[in-house]
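Below sits a lone chain in structure tokens, taken as the form predicted alone.
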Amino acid sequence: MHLFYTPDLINKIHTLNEIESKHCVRVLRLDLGHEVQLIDGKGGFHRAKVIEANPKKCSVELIESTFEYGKRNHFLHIAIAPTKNIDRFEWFLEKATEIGIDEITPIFCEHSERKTLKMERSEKILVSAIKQSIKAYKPILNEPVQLKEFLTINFKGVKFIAHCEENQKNSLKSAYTPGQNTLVLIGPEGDFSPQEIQMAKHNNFKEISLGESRLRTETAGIVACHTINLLNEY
């Protein structure tokens, strides 16, 4: 399968951007009449054929379109603190996208060691991951925000905060009901501060556990993502 990302797809005849055109013609050596698949990141999955094999502006013609391809019965939003080692955060972006996630918000917390993020690079990772996993929806990646500001957002669904404080918490598995829209907070390497946990609870976030092990930030994000997806398979 030759899959290309076309977020600006509108008409039956479409010209791939220069990066995708070069990959199509120079790397894959596709020529006139070859069939390709297109995803627009908004749920559209399209079959097309090459009608102009130009490595700078390769044009294709749509043959068949499917909309809401792979649409799920729930919505998952994970707000997570970027890790000090950016490779770990980027690993989370890639794997969460492959597993299935709808929205990601980087949050800066009291114990955060990273205060900046290259959004353009992060977006490229998401695009690569949806192509790898053949998903027609690209996750929304929001601009980084301070946790205090994020806690007051209006979210129509259940809200959880995963932290390592020693108190009585339900597991995510037992606290979540399949089909619910879900927002999960994942803290930095030093965890959320007690004050941040209290602020989250004040804003109707429920405390949860992701298991008995103390997990790295990016691992916790993947565990939460996988758990929600797994529970919605049944």
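Just so it is clear, the model here is predicted, and its values are computed rather than measured. So that there is no doubt, residue numbering starts at 1 and follows the sequence shown.
The next section is about a form of this same protein that is not shown, the form predicted together with a further copy of the same chain.
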Practice item. Run the contact test on G211, E218 and V223 with a 4.5 Å heavy atom cut-off to a further copy of the same chain in the predicted bound form and return yes or no. Key: yes
Point to revise | Interface membership of Q132, a further copy of the same chain in the predicted bound form, 4.5 Å heavy atom rule | key: yes
Exercise for review: Mark E94 yes when one of its heavy atoms lies within 4.5 Å of a heavy atom of a further copy of the same chain in the predicted bound form, and no otherwise.
Suggested key: yes
**Study point:** Partner proximity in the predicted bound form: I99 to a further copy of the same chain, non-hydrogen atom cutoff 4.5 Å
**Key:** yes
**Study point:** 4.5 Å heavy atom contact, K169 to a further copy of the same chain in the predicted bound form
**Key:** no
Study note, to complete from the structure: Within 4.5 Å of a further copy of the same chain in the predicted bound form by heavy atoms, the stretch out of 26-34, 52-60, 194-202, 169-177 is 169-177
Check your understanding: a further copy of the same chain isn't shown here, but in the predicted bound form which of R114, H111, R88, K124 has a heavy atom within 4.5 Å of it?
Key -> R88
